[in-house]
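This document opens with one chain alone, in structure tokens, the form predicted alone.
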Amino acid sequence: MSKMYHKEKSIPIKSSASALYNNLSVLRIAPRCLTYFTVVHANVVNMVSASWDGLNYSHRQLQSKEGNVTTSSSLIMQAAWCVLPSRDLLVLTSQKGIQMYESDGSIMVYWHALDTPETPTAKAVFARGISAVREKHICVGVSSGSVLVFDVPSKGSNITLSEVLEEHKEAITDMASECSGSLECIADLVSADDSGLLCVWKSGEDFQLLNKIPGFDTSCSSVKLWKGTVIAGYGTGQIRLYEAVTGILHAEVNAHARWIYSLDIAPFTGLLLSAAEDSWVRVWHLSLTPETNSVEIEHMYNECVTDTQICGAKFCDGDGYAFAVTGYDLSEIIRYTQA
């Protein structure tokens, strides 16, 4: 197998990565030749801004909050940038609520408190699974199985909860919107939960459920939606490719020996990144043949991050030219670029 990628200089972070699914988010700021990275550690989000020449880093830490005032010890479950046509927001989900910031982390523009039960229950309460959808929606999953749909104005802080989608019975694990930019795709959003159930949605003033794809009682930890195809990674180490609208299974790959923690797709090239507890990061290539309605997946590249339980992996650009990886207890972001 050809050496597709080589390792670059790592980016230091202030505190190490927690063992959470999808624990890395990346935002390219092309006009300023910068890339932002976020990694969650307990009740803090490490944010790093890195110049493309690799010479300058600046660091910021965002604390878990309760409301607009007090910092909180509640654990953060995920941090992810949501890119909408009019603005980019950084969304943090925790055991207490949902925090939305301007993309550079400077100003918190919105806080949504989770409904916590009056009497303590055995079930944990948290939000997890974050996705921007089309023009003006940000969707966030909750441990009850609900999906919260927020309506986001083009500027300002008048963000509102516009709808709650109640189809999942288990905690939401991840969510993804159609990333190809194609307007022909009917499905806009896929949500996944701890039972492996996938729900496929069409967005609008009211979100419509298009399909439910059953999960065989194994958690779906990471999910993507590209050109009408759902790409789902599971606790079994498998990746499955489904046609979003019909639920037809196109392919199933035994990709990893252990739990998959992160999937990502480079929308312009169809490169797929998968990373797991087994220390391996793999790059695959997806090809769609519309005439026969078939999707093929081909294995392209492997990288072993020795003795590391990988918890986040993301491409740094839409072509898959570079990717970044985080690992449990590592205080750095490891980067690879095409050789």
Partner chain sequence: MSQRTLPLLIINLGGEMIYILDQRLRAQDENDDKTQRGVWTDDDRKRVMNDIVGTMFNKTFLEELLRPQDLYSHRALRTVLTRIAHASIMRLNLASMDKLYDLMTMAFKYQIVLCPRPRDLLLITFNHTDTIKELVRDNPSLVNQINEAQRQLIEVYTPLSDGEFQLIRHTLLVLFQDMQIRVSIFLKEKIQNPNGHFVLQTSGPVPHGFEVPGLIRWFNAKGREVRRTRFPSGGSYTSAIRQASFDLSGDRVTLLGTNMYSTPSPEDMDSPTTSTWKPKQADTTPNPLATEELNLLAKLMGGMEVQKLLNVEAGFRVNLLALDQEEEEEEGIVISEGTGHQSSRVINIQVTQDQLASTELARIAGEFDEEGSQTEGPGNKGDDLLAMMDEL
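Everything numeric in this text was worked out from a predicted model, so none of it was measured. Positions refer to the first chain, counted from 1.
Beyond what is shown, the protein has a form predicted together with its partner chain; the following relates to that form.
S.K.: Only one of Ile186, Ala113, Ala124, Leu161 has a non-hydrogen atom within 4.5 angstroms of its partner chain in the model of the complex; which is it?
M.R.: Checked against the cut-off, the match is Ala124.
S.K.: Quick one: from Ser144, Gln238, Thr269, Ser72, grab the residue that has a heavy atom within 4.5 Å of its partner chain in the model of the complex.
M.R.: After the contact test, the surviving option is Gln238.
S.K.: Decide if the three candidate residues His41, Tyr261 and Leu330 all line its partner chain in the model of the complex, where lining means a heavy atom within 4.5 Å.
M.R.: The answer is yes: all three residues contact the partner (heavy atom, 4.5 Å cut-off).
S.K.: Could you tell me which stretch in 100-108, 203-211, 222-230, 74-82 has residues with non-hydrogen atoms within 4.5 Å of its partner chain in the model of the complex?
M.R.: Among the listed stretches, the partner-contacting one is 74-82.
S.K.: Against its partner chain in the model of the complex, would Ser49 count as a contact residue? Criterion: heavy atoms within 4.5 Å.
M.R.: Looking in the model of the complex, residue contacts with its partner chain do not include Ser49, since no heavy atom lies within 4.5 Å.
S.K.: Give a yes/no on whether Tyr36 approaches its partner chain to within 4.5 Å in the model of the complex, heavy atoms considered.
M.R.: Tyr36 lies outside the contact set for its partner chain.
S.K.: Given that its partner chain is not shown alongside this chain, does His299 nevertheless sit within 4.5 Å of it in the model of the complex, heavy atom to heavy atom?
M.R.: Although its partner chain is absent here, His299 would touch it in the model of the complex, with heavy atoms inside 4.5 Å.
S.K.: Could you confirm whether Ala17 comes within 4.5 Å of its partner chain in the model of the complex, counting heavy atoms only?
M.R.: Although its partner chain is absent here, Ala17 would touch it in the model of the complex, with heavy atoms inside 4.5 Å.
S.K.: Does anything in 170-196 come within 4.5 Å of its partner chain in the model of the complex by heavy atoms, and if so which residues, in order?
M.R.: If the 4.5 Å heavy-atom criterion is applied to its partner chain in the model of the complex, 170-196 yields only Asp194.
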